[in-house]
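Before any questions on how it binds or moves, here is one chain, the form predicted alone, in C-alpha cells.
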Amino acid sequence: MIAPSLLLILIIAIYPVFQSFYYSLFDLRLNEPTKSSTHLNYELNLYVYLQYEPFLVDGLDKQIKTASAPVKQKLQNVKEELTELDDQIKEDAGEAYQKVYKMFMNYETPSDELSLVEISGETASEFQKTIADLNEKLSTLEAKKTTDDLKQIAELASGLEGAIIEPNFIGLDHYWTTFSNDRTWHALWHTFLFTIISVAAEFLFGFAIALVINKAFFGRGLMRATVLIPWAIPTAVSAMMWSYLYDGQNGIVAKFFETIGIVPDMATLMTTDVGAMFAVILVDVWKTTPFMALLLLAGLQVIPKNLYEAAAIDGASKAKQFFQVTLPLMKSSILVALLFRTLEAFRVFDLVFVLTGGGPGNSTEMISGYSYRVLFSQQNFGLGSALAIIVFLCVALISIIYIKFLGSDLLSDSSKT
C-alpha cells in the first residue's frame, strides 16, 4: 500500500508544484510569440525565415547587377555570407528545411512543431552576426544613396531577426524580481493580516456557537441548519450580496455602521484602505464562522458526558469544567479546525476579487489575487508561477507549524485506534 500511496501523492500533489517551479525558471509570456513556450536552446522558425530569406537574396541579385563596382562587391560579400548561413541552417534543420520550403512554395502553413527547429549556438551566433552586419552595410549604402530599393532590402533583413528564438531560461531571476517588488510584500502583508484576524474571529464566534448548539434545547435542529446558511451560499454570491449592503449610497449595512459611529460616512467603508479591509474580513467571518462551528461541534460531541458529571460531583464550576475538561479534550479538534481555516484564508481569492477587486489602490490585494493578475491578466506565466511557488511555500510553512503544535497528540490518538 505504501508504493501506490506515494505514487498517488507524487501525481496529485508533488507533480503540479514541480511543474510550476519548472515554469518559474523561464521568462514565459503567452503574449509574446518568441516566449510563449519554454526554450532551453536556440530555435529557428523556418516558416518565418523562408518568408524573407529568398526574397532578400533575389533583391541582392538585382542590386548587384545594376550597382557600381565598389557597391557591387559589398553586396556580393553580403550575399555570400547569407548563402553560407543558409547552408549552415540547412545542415542544422535537416529534412525539416525542405518540408517547410515545399509547404511555403505551395502556400501552405506548417505546424509549429515542424516549423520550429533547434539550431546550434554557433549557428545562432552566426545568424545574429550576419543579420547585424547586413543591416549595417545596407544602412551605410542607403545613407550614401548609392542604389535604389535598398530600403526594401533592409526591411527584409530586419524581418529575419524575428525568425530566431533565443533561450528563455532565466533561472531564479523571477524570485529575485518578486522579492524586490514592494507590491509582493504588500500583498503578503494583506494576506497575513486578513488570515490572522479572520481566523481568530471565526474561532471565537465559532466556538461560542458550537457550545450553544451542543446543548439540548427545543429547536436545536432548526438552529443548526440555520447557522449553516451563510456557509452554504457560494462565495462569489455572498461577495456580490455584501457589495450591495456596503454600497455608499444605499447599503443597509453601510448606513447602520454610519449610524452607530463605526464609520464617519457610508462611502468610507469601500473607499478607504482600512474600511475595505474591515469589510472583507467581516464578510469572511460571517460566511465561514458556521464551518468553524461545525468542526468544533464535532469535537464537542465526542467528549464523554460522564466526565462533566464527575467534575460537577467534585464541585467544579462551569468555567472550571470548560478549562479543565472541554479545552484539553478539544485540543486536536481546535488545531485541526484552525489549520483548515488558516490554509483556506491564506488562499482567499474569489471573495476579495468580487467584493473589492483588490482595491482601493491595491489595499486589499492578497497574494493569490496578485498571482492571478500576473498569470492571466499580464499572461506572464513565468513570474506567475514563481508567485504560486511562494504561496505554496507559505502554506507549507503554516502546515508545518500547526503540525508541530498538534503532531504528538494526533499521532498518539491514531496509534491507539
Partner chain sequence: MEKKASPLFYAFLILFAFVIMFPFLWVFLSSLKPPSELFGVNAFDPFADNPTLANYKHVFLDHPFLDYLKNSFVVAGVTTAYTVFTASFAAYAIARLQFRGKAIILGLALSVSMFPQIATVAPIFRILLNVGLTNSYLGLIIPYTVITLPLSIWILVTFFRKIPYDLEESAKIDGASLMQTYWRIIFPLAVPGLFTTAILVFIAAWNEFLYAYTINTAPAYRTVPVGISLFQGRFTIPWGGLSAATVVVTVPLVILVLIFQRRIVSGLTSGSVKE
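The shown structure was predicted, so the numbers you read here are calculated from the model rather than taken from an experiment. In this text, rigid core is short for the largest set of C-alphas that superpose within 1.5 Å between two forms. Numbering follows the first chain given and starts at 1.
Missing here is the form predicted together with its partner chain; even so, the following discussion is about that form.
K.L.:
Contact check in the predicted bound form: 9, 23 and 343 versus its partner chain, with a cutoff of 4.5 Å between any heavy atoms. Do all three pass?
P.N.:
Affirmative, all three are within 4.5 Å.
K.L.:
Would residue 405 sit within 4.5 Å of its partner chain in the predicted bound form, counting heavy atoms only?
P.N.:
Residue-level check for residue 405: no, no contact with its partner chain.
K.L.:
Should residue 234 be counted as a contact of its partner chain in the predicted bound form, where contact means heavy atoms within 4.5 Å?
P.N.:
Because a heavy atom of residue 234 falls inside 4.5 Å of its partner chain in the predicted bound form, the answer is yes.
K.L.:
Using heavy atoms and a 4.5 Å limit, would one call residue 383 a contact residue for its partner chain in the predicted bound form?
P.N.:
The answer is no: residue 383 has no heavy atom within 4.5 Å of its partner chain.
K.L.:
May I ask you to state whether residue 290 is within 4.5 Å of its partner chain in the predicted bound form, using heavy atom distances?
P.N.:
Answer yes; at least one heavy atom of residue 290 falls within 4.5 Å of its partner chain in the predicted bound form.
K.L.:
Any idea which of 86-94, 158-166, 240-248, 99-107 reaches within 4.5 Å of its partner chain in the predicted bound form, heavy atoms considered?
P.N.:
Result for this chain: 240-248.
K.L.:
Only one of 216, 319, 313, 260 has a non-hydrogen atom within 4.5 angstroms of its partner chain in the predicted bound form; which is it?
P.N.:
Of 216, 319, 313, 260, the residue with a heavy atom within 4.5 Å of its partner chain in the predicted bound form is 216.
K.L.:
Heavy atom within 4.5 Å of its partner chain in the predicted bound form: which of 353, 47, 52, 42 fits that? Just give me the one.
P.N.:
Only one option qualifies, and that one is 353.
K.L.:
Could you list the residues in 358-380 that come within 4.5 Å of its partner chain in the predicted bound form, counting only heavy atoms and keeping sequence order?
P.N.:
Residues within 4.5 Å: 368, 371, 372, 375, 376.
K.L.:
Just checking, between this form and the one not shown and with the core aligned, does residue 181 shift 2 Å or more at the CA?
P.N.:
It does not, since the residue 181 C-alpha is displaced less than 2 Å between this form and the one not shown after the core fit.
K.L.:
After a core superposition, would you say residue 312 shifts its C-alpha by at least 2 Å between this form and the one not shown?
P.N.:
Yes.
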